[in-house]
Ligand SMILES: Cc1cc2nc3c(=O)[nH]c(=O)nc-3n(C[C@H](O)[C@H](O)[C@H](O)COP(=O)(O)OP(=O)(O)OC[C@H]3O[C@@H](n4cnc5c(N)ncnc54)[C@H](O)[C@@H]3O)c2cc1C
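Here you get one chain, nothing else, as structure tokens; it is the form predicted on its own.
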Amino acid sequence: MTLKDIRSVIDGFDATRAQMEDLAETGQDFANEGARFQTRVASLHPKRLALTVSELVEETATTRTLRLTGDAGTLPPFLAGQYVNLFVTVDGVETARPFAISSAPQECGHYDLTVRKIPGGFVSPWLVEGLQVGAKVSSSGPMGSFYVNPIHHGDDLVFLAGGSGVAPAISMIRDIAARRLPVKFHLIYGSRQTDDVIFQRELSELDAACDFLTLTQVISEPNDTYQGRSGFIDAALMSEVCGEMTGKTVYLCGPPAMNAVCAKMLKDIGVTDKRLHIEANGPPVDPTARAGWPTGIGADQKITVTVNGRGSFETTAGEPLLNALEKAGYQVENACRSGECSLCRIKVLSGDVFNPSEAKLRQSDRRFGWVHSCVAYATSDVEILL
């Protein structure tokens, strides 16, 4: 080999080394950019937010709004109508409940959660009566598909709200007013009694001040001095106050029983599935009253749940498996607690489980024994896999 050949080989090595160094530098740039991207994603979609209760607002005798500020500063943005899953510890039990954000997205320094005390409830009485300013809680980031989408939903919007189901509606109204969206928004709000109406003063003021807003209030159990609309939200009322429903987009948020009745009514008067958006609000309906519940099984029947390889505990047939697992000290990821999101899926290895219609189970779930534990009820002793 000549000296010229040796120099050529050395030059080749030098060129290759330079290329390798360039590639390494490029790879590091990609890695750094990927890390920045992951950090950005985590800031917008965190698994947990550390929050402090900065203010408590009494809305009614049974309802108050919790103003939550982020311990780390600015909170992730949300769309009006979305919710967060609030994680709390009540009587030593770590659990969570989803609550719609009632503040407007423009109020980026806090989330307002408007909570009504549910008689016999486990979490809501503690939030309404026991939580104090300065308390520390945590939540998921904002989630859910229940929000105004001007491109797909059109500009003629109707919202049927029942009880604290008005929380996402007030967020939508505040957002539309702030953004001056060119839409019509008709809120039909049903309450049991006149002193149950949440945001009464603000809704009346917004109705008077905003051309886009129409407010119809209905009281199901009015007192003797009440002079407004009474009864329930039904087809006759919809026809009277809304007229032809073709082309309107409808949002529905109320207790499960109200949602079921109103959903059927809306479909009967021509509202298509594409135009109907439903959000659950409140505890599930008594499962023993649902179609398909096995005869001879009462809600109080004792059930033994065995968690594969991790022990067993006793519950009742009428308690959702997710609630029972939490009370027994088992943690299951969850968000909506209404059968929609599937985060709380568990596998049933043996035994019988009742799944109501709101459990959005896939065909493969049913085939291989997966259930959404938030709306699944054991009707015999069961063995499950978390």
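In case it trips you up, residue 1 is the first one in the sequence shown, and so on. Bear in mind the structure is a predicted one, so any value in this text is a computation, not a measurement.
The form predicted in complex with the ligand exists for this protein as well; it is not shown, and the discussion that follows is about that form.
**Q** Is there a clash that blocks the site, or is it open, when the ligand is superposed from its pose in the predicted complex and ligand atoms are checked against a 2.4 Å limit to backbone and C-beta atoms, 3 or more counting as blocked?
**A** After superposition, the ligand runs into the main chain and C-betas, so blocked.
**Q** If the cut-off is 4.5 angstroms on heavy atoms, which of these, 336, 324, 353, 53, is the one near the ligand in the predicted complex?
**A** Selected option: 336.
**Q** Give me the residue from 242, 271, 206, 280 that has a heavy atom within 4.5 Å of the ligand in the predicted complex.
**A** After the contact test, the surviving option is 280.
**Q** Sort through 120-128, 232-240, 71-79, 301-309 and report the only stretch with a non-hydrogen atom within 4.5 Å of the ligand in the predicted complex.
**A** Selected stretch: 120-128.
**Q** Answer with yes or no whether residue 139 is in contact with the ligand in the predicted complex, where contact means some heavy atom within 4.5 Å.
**A** No, residue 139 sits far enough from the ligand in the predicted complex that none of its heavy atoms falls within 4.5 Å.
**Q** Is there a non-hydrogen atom of residue 171 within 4.5 angstroms of a non-hydrogen atom of the ligand in the predicted complex?
**A** No, residue 171 sits far enough from the ligand in the predicted complex that none of its heavy atoms falls within 4.5 Å.
**Q** Should residue 97 be classed as touching the ligand in the predicted complex when contacts are defined as heavy atoms within 4.5 Å?
**A** Because a heavy atom of residue 97 falls inside 4.5 Å of the ligand in the predicted complex, the answer is yes.
**Q** So in the predicted complex, does any heavy atom of residue 83 sit within 4.5 Å of the ligand?
**A** Yes, residue 83 is a contact residue.
**Q** Would you mind checking 163-181 for residues with a heavy atom within 4.5 Å of the ligand in the predicted complex?
**A** Contacting residues: 164, 167.
**Q** Can you tell whether residue 336 sits closer to or farther from residue 282 in the predicted complex than it does here, judged by CA atoms, where the change is 3 Å or more?
**A** Nearer in the predicted complex, by 3 Å or more.
**Q** So the CA-CA distance for residue 283 and residue 165 moves by at least 3 angstroms in the predicted complex. Closer or farther than here?
**A** Farther apart, which means the C-alphas of residue 283 and residue 165 are at least 3 Å more distant in the predicted complex.
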